[in-house]
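Presented below, as structure tokens, is a lone chain in the form predicted alone.
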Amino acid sequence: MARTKLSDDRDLTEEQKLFKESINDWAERNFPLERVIRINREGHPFPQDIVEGLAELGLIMVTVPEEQGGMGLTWSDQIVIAEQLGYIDPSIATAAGFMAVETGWGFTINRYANEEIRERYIKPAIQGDKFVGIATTEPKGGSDVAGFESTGEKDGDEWVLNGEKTFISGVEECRRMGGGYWVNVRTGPKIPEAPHKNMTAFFVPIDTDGVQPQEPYDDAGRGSLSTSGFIMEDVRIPDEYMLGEEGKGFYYTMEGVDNARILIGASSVGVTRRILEEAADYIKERETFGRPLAKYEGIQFPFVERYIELEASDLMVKKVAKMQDQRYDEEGWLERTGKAKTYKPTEIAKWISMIKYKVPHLAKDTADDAMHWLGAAGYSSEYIFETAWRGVMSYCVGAEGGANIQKLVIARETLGKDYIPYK
């Protein structure tokens, strides 16, 4: 761990402090920075002992109710975990695979799945024995969920799915461990004025006949977590593996995206904090012309600016987590009245898009700055900065929605729907 400390835990609950302490103790023994850098170079699949360690600590899907295998904790608790995993592994492979994907989407799958899926897949994933995730992106698009072309046709008490999914996290890990994915398909005609309708979500086990995983991609970063895709050719899924109601998959998917984006924001806060702490240690010791680098305004002032942005981003993530907690606390009220007492889902989506746009870019830009501050050392893979830069870039370019998509959501909720460019 870095010697410089830029975190302030006084606003955490005692339980959250214990979580953070236990994560740090475990990481020092099992997942030091040297190993993070090494496994990023060695590539996927993700080390099973780390998955088991996360599960033993109870870090995966803590927001799932206790009676369904989770811990029944809040999103405010979950972001503490996600931030610390981003801090420990700035390549973001751990946070991407087991926070944004498994936890954000696992929680959402659990909400709309039947008991069989919970018992066979969700509970084992919480225990580190299986992998569950999200498979929405298709060759012709990702962020435009309403534009997907994969199809599902009813045949008796089964659905026959056809199509292709691409840029999917954890396919090799899912093949190794067993598990499956949330998959959206079109189950009715595309309505030009409402293309988001007739989309239906299913849970598709990775070992189902007709699911053809593709070779892993050679990504620029987060090398220890695989990215791939799969083709679905006449894949037969029982009707009870539908997630939620037929035709409402778009809405459920937007909920899942929101859950994942919160954890992306939290883990990016952790990455940024680690970068600044490691950089601070270096610039306070490295001298040029007889003075520490940290004394030069060309380095000191940008450092301060990034630190200010970090603290502002941290506050924004915490605000959004509280909004999400209120959203789920009021669920009974929403079902009865159709209105939230505090925040509408679209209001929360606006804030979630703000953190999805702002915080990963902050982490990337901070890593870029740090590489310049350190000079040749910043370009070396022996330090964390280039590993973090390449990893967090995946959050900037696409994972859980491209950057410009976030701007469209924010504009829609601030300027109004009359100014949506695609209508």
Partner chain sequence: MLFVVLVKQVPDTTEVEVDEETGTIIREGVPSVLNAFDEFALNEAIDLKERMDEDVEIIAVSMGPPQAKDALKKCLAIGADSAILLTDRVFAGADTWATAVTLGRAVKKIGDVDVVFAGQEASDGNTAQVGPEVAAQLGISQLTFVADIEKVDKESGHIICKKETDEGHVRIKAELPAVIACMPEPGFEPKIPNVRDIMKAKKKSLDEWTFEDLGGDEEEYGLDGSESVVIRTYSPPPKGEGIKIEEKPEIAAEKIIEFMEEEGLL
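Positions refer to the first chain, counted from 1. Note that the structure is a prediction, hence the values are computed from the model and not measured.
Another form exists, predicted in complex with its partner chain; not displayed. Remarks below refer to it.
Contact check for K407: no non-hydrogen atom falls within 4.5 Å of its partner chain in the model of the complex. Although the partner is absent here, E56 is a contact residue: one of its heavy atoms lies within 4.5 angstroms of its partner chain in the model of the complex. In the model of the complex, its partner chain sits beyond 4.5 Å of every heavy atom of K423.
Although the partner is absent from this view, R29 contacts its partner chain in the model of the complex, with a non-hydrogen atom inside 4.5 angstroms. The stretch in contact with its partner chain in the model of the complex, judged by heavy atoms within 4.5 Å, is 63-71, chosen from 392-400, 372-380, 35-43, 63-71. Scanning 18-40 for heavy atoms within 4.5 Å of its partner chain in the model of the complex gives L18, F19, E21, S22, D25, W26, R29 in sequence order.
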